[in-house]
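The chain below stands alone and is given as structure tokens, in the form predicted alone.
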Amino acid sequence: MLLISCPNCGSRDETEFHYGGQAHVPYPENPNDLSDREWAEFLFYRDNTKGAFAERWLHSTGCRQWFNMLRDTVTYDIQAVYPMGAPRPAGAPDALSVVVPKRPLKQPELIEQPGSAPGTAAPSTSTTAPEGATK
């Protein structure tokens, strides 16, 4: 469980809060001028960053006030809590500055077929369903 520090009530258990999505998403100045695609992008497209991410939260069973939180999406560490309308804290790390090392791709396991020369096996491809599975 996360221990979230509400700016109005202090530290509380995460079960008292509701997630409200990405913070700092500006409302379009002229929504009537948007195409269907632009309107859909405003409504449904959000960042999905790895690392520091600005979120909106509602203290639903406490003060019932909205606030912003800067949280690491990998470690769940809460880096900052700040009121609605305030800019993202200046000292907070940016999600784009987080470097994620690339892992090498896993090579397929080779299975030697009876009668084949060593080193010429094909990648394993099983066509049988696991026991208990239905078709």
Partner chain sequence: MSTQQLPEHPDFLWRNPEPKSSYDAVIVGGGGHGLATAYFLAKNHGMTNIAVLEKGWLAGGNMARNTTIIRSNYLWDESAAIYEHALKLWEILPEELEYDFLFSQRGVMNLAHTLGDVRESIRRVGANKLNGVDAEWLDPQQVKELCPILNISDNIRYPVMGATYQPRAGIAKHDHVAWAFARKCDELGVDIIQNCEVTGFVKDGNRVVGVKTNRGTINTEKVGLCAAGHSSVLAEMAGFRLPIQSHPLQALVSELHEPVHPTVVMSNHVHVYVSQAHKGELVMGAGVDSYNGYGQRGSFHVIEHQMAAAVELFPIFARAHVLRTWGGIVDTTLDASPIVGTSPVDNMFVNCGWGTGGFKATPAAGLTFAHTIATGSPHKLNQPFALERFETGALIDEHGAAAVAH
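Computed from a prediction, not measured in an experiment: that's the story for all the values here. Numbering follows the first chain given and starts at 1.
One more form of this protein exists, namely the form predicted together with the partner chain; it is left out here, but the text below deals with it.
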query: Does the partner chain come within 4.5 Å of any heavy atom of Tyr45 in the predicted bound form?
result: yes
- request: Please check if Arg71 has a heavy atom lying within 4.5 Å of any heavy atom of the partner chain in the predicted bound form.
  value: yes
query: Do Tyr27 and the partner chain share at least one heavy atom pair within 4.5 Å in the predicted bound form?
result: no
query: How about Asp36: is it within 4.5 Å of the partner chain in the predicted bound form, going by heavy atoms?
result: yes
message: Residues Asn8, Gln65 and Ala90 are flagged as a possible site; in the predicted bound form, is every one of them within 4.5 Å of the partner chain by some non-hydrogen atom?
response: no
- prompt: Does any residue in 52-84 get within 4.5 Å of the partner chain in the predicted bound form, counting heavy atoms only, and if so which ones?
  reply: Phe53, Trp57, Arg71, Thr73, Val74, Thr75, Tyr76
